[in-house]
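Take a look at this single chain, the form predicted alone, given in structure tokens.
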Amino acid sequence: MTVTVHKDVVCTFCGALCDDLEMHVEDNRVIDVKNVCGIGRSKALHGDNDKPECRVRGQQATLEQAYDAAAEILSRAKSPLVYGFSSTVAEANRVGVELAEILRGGLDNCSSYCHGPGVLARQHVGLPTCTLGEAKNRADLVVFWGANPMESHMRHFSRYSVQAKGMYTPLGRKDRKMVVVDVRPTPSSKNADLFFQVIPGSDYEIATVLRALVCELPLPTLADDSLVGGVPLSKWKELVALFKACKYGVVFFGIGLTQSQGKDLNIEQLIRLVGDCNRHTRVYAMPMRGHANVNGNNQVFVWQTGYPLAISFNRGYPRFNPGEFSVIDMLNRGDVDAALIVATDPAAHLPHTAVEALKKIPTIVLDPVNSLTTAWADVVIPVATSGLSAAGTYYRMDNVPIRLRKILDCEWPADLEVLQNIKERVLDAKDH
């Protein structure tokens, strides 16, 4: 067999979307991958191998039967939920939004319980941000707050930030200062020049004090040895000095900040801190988005509805209210009587109470691999894997759109095709 080498392939594991992979394909199978992290390598080698069986209510079915069953369930539902989309292409997201609107159902994505608070914060105060390319080429100060990229975004250090050699940082690590703020030591903190181990839930307090220090406001009740978030004030003054002395700083914040006490208020205060720093130099902030296209998920939802998550069409137009229309809250209250799950595994990610509520209602799952949810869903439709056997668009964590290519052939359709077929059948049912 001839081995075909595909260069500049995009890895679809995390929000970094590394686009320099080299895949070796033989007999429609990836046999080797270069320029990739361990998880990205595993996904490339095995991501198209563990397809679920196409099933309807536990019985093997054809695609047409699965489409009909899915459309019937959704058409009969009074309050359906369309949820997921964080690991599929933007084009499929678009059709998912259209389907939720036709059904007058709920619409939500995985950011509801990860980076959603950061998305809400930027609606209030904006986001002074940059691209990963700018961080690589310009940043001489890199701060990770509530993030551990060595385990969550494994090539981030070498490709985009700490170790990356850029136009104005030709020596890579030697040209940069690295700071980590976290509640415990991590593999990332071991590489830091400064590590601040803080008390859980103290992020808002810390950001507020840092703002005062940057703006040179008096703190009469605090001495240098006073603890702020479990760290002496004198140490925080060192961080402020680094901010003011840098030429280009980037603060990467993670779920440790978005899901701790304060949530969106933490991010608002961090963004304001970055704004204060910009009176002295150039500093930017960027969320460390997890799922490969959860950022594109928010982007598409905003284009089509005006809102990034937690949306309801039950009145015929989009309404936005996190906490009321968020996936976990809707399931826990029993507001949902059918669910369409696309490109995510709620049984593995949602709280037990929400998963149990989901098991009690008719559930349709589109997934390229077997998962905890495909094990019990009423309708299971296997799909092609985005970035391997399906093309489309993902959005990197810095909002840059990246085009995915099709590398392998697949007997199953892509998410986009499946959603279009279900949508057409739902429209036909409503016309009759």
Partner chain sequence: MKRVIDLRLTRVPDLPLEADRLRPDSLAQAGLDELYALPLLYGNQTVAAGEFLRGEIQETEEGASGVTLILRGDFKRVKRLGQGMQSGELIIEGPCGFHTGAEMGGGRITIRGDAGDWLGAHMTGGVIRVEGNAGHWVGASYRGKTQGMRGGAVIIHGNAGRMTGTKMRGGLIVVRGDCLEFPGYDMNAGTILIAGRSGRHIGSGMVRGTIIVRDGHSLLPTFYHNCAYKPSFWPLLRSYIEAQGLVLDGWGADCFFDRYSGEALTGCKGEVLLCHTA
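Residue numbers count along the first chain shown, from 1. Since this is a predicted model, take the numbers as computed values, not measurements.
Not on display, but discussed next: the form predicted together with the partner chain.
In the model of the complex, no residue of the candidate spot (184, 242 and 355) has a heavy atom lying within 4.5 Å of the partner chain.
Residue heavy atoms within 4.5 Å of the partner chain in the model of the complex occur in exactly one stretch of 342-350, 101-109, 139-147, 175-183, and that stretch is 101-109.
For the residues 194, 265, 302, 127, the 4.5 Å heavy atom test against the partner chain in the model of the complex is passed only by 265.
120 is the sole member of 198, 71, 120, 95 with a non-hydrogen atom within 4.5 Å of the partner chain in the model of the complex.
Contact check for residue 218: a heavy atom falls within 4.5 Å of the partner chain in the model of the complex. Using a 4.5 angstroms threshold between heavy atoms, residue 322 counts as touching the partner chain in the model of the complex. Heavy atoms of residue 204 reach within 4.5 Å of the partner chain in the model of the complex, making it an interface residue. Remark: residue 188 does not count among the residues lining the partner chain in the model of the complex, judged by a heavy atom distance of 4.5 Å or less.
Of the residues in 288-316, those that come within 4.5 Å of the partner chain in the model of the complex through at least one heavy atom are, in sequence order, 314, 315.
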